[in-house]
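In structure tokens, one chain follows: the form predicted on its own.
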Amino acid sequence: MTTTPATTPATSPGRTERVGSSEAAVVDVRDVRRTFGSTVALDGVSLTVEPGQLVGLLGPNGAGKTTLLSLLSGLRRPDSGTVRIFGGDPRDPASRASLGTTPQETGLPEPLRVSEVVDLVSRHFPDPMPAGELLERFGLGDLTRRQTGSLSGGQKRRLAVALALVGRPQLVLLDEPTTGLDVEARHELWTALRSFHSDGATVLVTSHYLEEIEALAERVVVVGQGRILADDSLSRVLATVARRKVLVRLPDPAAAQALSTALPTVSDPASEGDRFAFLAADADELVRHLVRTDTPFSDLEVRGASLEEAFITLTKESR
């Protein structure tokens, strides 16, 4: 959580300098390695985030996302490499003065009312966001007198994110912020985060909800097996993968497997309804192969790869 409002305007989407020193960088991670016993959580990770960016960290469980956020929030230290926020060591309380964070699991004092919890946290900051404005932003305005112990899981999650922003932080770290929320509540939280980010705050958000990254992030960092697999704007991450999704009805699974075996740039087949789905670097080549080999097919559909499909492809290619 934090003390002062951000004053740096948001940067425009697009490619930025990812690695190297930057006096203006809010986050500067260089060649960081972190292990837990024999498990390598981060393996030579470097990441630079400039003021005002909204960065989505995408990756499966065990990819290293939560470990990276724990280093940035000062909860852990790297085995090697350096981690800096606002130019200082995040383990130094002074460096965390403008930091807001919501971990995956957040404990709230159950006997206290929502308004009392907000008031308690607000008193730590010289210029907190007004409680009424904060709670309305997160759809909690009618719950001020409810004890936090009686809130639903989704309501507790929204309150936890709201508390991370009460001090008007310049940097916000959100680890799976919409876990436990229904669709409507997730969209409400997205709107609140966009509004907060538009004031100039820097935001790093992790999520398993791929549409959440697409809805929020200007820049996507794909993390897998403790390494950064891709780091760019959303559109460029998809372009880097350069895959098309091909759906087609084939005679049997053997014909589908033979197709992926014959074409190295085509993924193994997956069943989707009564059709087989492939990810192909060259969809035209796939169709030409079907025609050339006289393979019976029908109901052909070719479309762009989604973020999920791009992520799966990047993860597989890194192995």
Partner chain sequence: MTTTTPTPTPALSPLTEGRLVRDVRLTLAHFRAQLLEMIRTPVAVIGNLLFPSIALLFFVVPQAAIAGDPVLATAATAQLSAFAIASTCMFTFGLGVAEDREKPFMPFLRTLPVGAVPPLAGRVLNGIMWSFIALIPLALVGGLLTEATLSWGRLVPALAAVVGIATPFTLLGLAIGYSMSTKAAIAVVQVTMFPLAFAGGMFMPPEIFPRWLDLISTFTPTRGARELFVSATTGAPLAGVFVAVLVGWTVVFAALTTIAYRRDEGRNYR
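Residue numbers count along the first chain shown, from 1. What you see is a predicted model; the values in this text were computed from it and never measured. Basically, rigid core = biggest C-alpha set you can superpose within 1.5 Å across the two forms.
FYI, the form predicted in complex with the partner chain isn't displayed, but the following is about it.
Asker: Tell me whether Arg236, Ala256 and Val266, taken together, all sit within 4.5 Å of the partner chain in the model of the complex, counting heavy atoms only.
Answerer: No: none of Arg236, Ala256 and Val266 comes within 4.5 Å of the partner chain in the model of the complex.
Asker: Exactly one stretch in 91-99, 242-250, 189-197, 131-139 has heavy atoms within 4.5 Å of the partner chain in the model of the complex; which is it?
Answerer: Of the stretches listed, the one contacting the partner is 91-99.
Asker: Of Leu151, Ala185, Val117, Leu216, which residue is found within 4.5 angstroms of the partner chain in the model of the complex when only non-hydrogen atoms are counted?
Answerer: Filtering the options by heavy-atom distance leaves Val117.
Asker: Identify which of Leu229, Val83, Val220, Leu163 has a heavy atom within 4.5 Å of the partner chain in the model of the complex; exactly one of them does.
Answerer: Selected residue: Leu163.
Asker: Indicate whether Pro109 is a 4.5 Å heavy atom neighbour of the partner chain in the model of the complex.
Answerer: Because a heavy atom of Pro109 falls inside 4.5 Å of the partner chain in the model of the complex, the answer is yes.
Asker: Please check if Tyr209 has a heavy atom lying within 4.5 Å of any heavy atom of the partner chain in the model of the complex.
Answerer: Contact check for Tyr209: no, nothing within 4.5 Å of the partner chain in the model of the complex.
Asker: Check whether Val40 has any heavy atom within 4.5 Å of a heavy atom of the partner chain in the model of the complex, and answer yes or no.
Answerer: Yes.
Asker: Would Gln104 count as touching the partner chain in the model of the complex under a 4.5 Å heavy atom rule?
Answerer: Yes - in the model of the complex, heavy atoms of Gln104 and the partner chain come within 4.5 Å of each other.
Asker: For Ser73, state whether the C-alpha moves by 2 Å or more between this form and the one not shown after rigid core superposition.
Answerer: The answer is no, as the C-alpha of Ser73 shifts between this form and the one not shown by less than 2 Å after core alignment.
Asker: Once the core is aligned, please say if the CA of Gln155 is shifted by at least 2 angstroms between this form and the one not shown.
Answerer: It does not, since the Gln155 C-alpha is displaced less than 2 Å between this form and the one not shown after the core fit.
Asker: Hey, does Ser115 budge by 2 Å or more at the Cα between this form and the one not shown once the core is superposed?
Answerer: Indeed, Ser115 is displaced by 2 Å or more.
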